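Next up is one chain by itself, shown in structure tokens, the form predicted on its own.
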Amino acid sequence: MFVWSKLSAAKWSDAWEERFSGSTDATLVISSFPGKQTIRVEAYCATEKRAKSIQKEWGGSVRQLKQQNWAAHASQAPPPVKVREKFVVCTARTNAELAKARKEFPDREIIAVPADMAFGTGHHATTATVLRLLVDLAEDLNKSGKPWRMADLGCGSGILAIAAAKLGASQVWGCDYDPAAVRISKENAERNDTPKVSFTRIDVLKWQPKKTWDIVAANIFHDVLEAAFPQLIQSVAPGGVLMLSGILRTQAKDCLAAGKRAGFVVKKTITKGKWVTALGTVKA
């Protein structure tokens, strides 16, 4: 693993996200510093060649990063995220840190996701929005008394799948193209007492759904969503819900139009900053 890094003015944060928004071979991390107008921009790459290509284009520095040092490399832990009246998402790693979080928030369920490689800690607008929608959907499904199942496509840290299990889903499955994300998701499932959640390494573009799910969440880059709409549509159970995120506002019109052509019926869109999340159903 190699990491490219560069200091930049905070006003260019959106521009950096735009530059890497479609990248499938570099994971962008932007760290801010309280009271400063400077950010640290980093891109984690599987190969030195990719990291060097970014350096050639944008300057900065490249260094090798050992897997076991990912957690130590993470910047200062962000504050906990409250999700409705149900969850608090924090970056607790140890049993002692978990106990401290539970003591601090006794009336909420804790989801602990250490900030490893920015795979998804609930602090990003897309993840936070889908978490809130998931809580609302689960409440309605649980009232019906019928068991429900959830699929988390592009699971990242596994946070959405873990939340679904804690919300009462009878079966939860997540997948990701990145084997490191699958490994971390499994570790997080154990950490959060949801070991029955299963995770698989799958390329969603080559995936052939063998079953359907009552809730399907796909927090993936817009271009992958557009190409994978046939698979996404097939994976939603009759009367089920599809949630899409990871879409920049500038990309939303074209992305949702592609979804409509494939049979996605948009019921709600939520814009948070420059990110758009869409919730909808599938044509019968």
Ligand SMILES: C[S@@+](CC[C@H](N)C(=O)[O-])C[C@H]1O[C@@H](n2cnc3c(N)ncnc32)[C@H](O)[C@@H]1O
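One-based numbering along the sequence shown. Between two forms, the rigid core is the largest collection of C-alphas that superpose within 1.5 Å. Predicted model only: the values in this text are computed from it and were never measured.
Form predicted together with the named molecule: not shown, discussed below.
**Student:** Do all of 127, 177 and 205 end up near the named molecule in the predicted complex, with near meaning a heavy atom within 4.5 Å?
**Tutor:** Yes.
**Student:** Taking the partner as it appears in the predicted complex, which of 159-167, 188-196, 81-89, 135-143 has residues with heavy atoms within 4.5 Å of the named molecule?
**Tutor:** Comparing against the named molecule in the predicted complex, the contact stretch is 159-167.
**Student:** Does residue 220 reach the named molecule in the predicted complex, with heavy atoms at most 4.5 Å apart?
**Tutor:** Heavy-atom contact with the named molecule at 4.5 Å: present for residue 220.
**Student:** Heavy atom to heavy atom, is residue 154 within 4.5 Å of the named molecule in the predicted complex?
**Tutor:** Contact check for residue 154: yes, within 4.5 Å of the named molecule in the predicted complex.
**Student:** Hey, in the predicted complex, is residue 29 touching the named molecule, heavy atoms inside 4.5 Å?
**Tutor:** Looking in the predicted complex, residue contacts with the named molecule do not include residue 29, since no heavy atom lies within 4.5 Å.
**Student:** With the partner left out here, check for me: in the predicted complex, does some heavy atom of residue 46 sit within 4.5 Å of the named molecule?
**Tutor:** No.
**Student:** Heavy atom within 4.5 Å of the named molecule in the predicted complex: which of 252, 224, 237, 62?
**Tutor:** Result of the distance check: 224.
**Student:** Using the core for the fit, does the CA position of residue 13 change by 2 Å or more between this form and the one not shown?
**Tutor:** After core superposition, the displacement of the residue 13 C-alpha between this form and the one not shown reaches the 2 Å mark, so yes.
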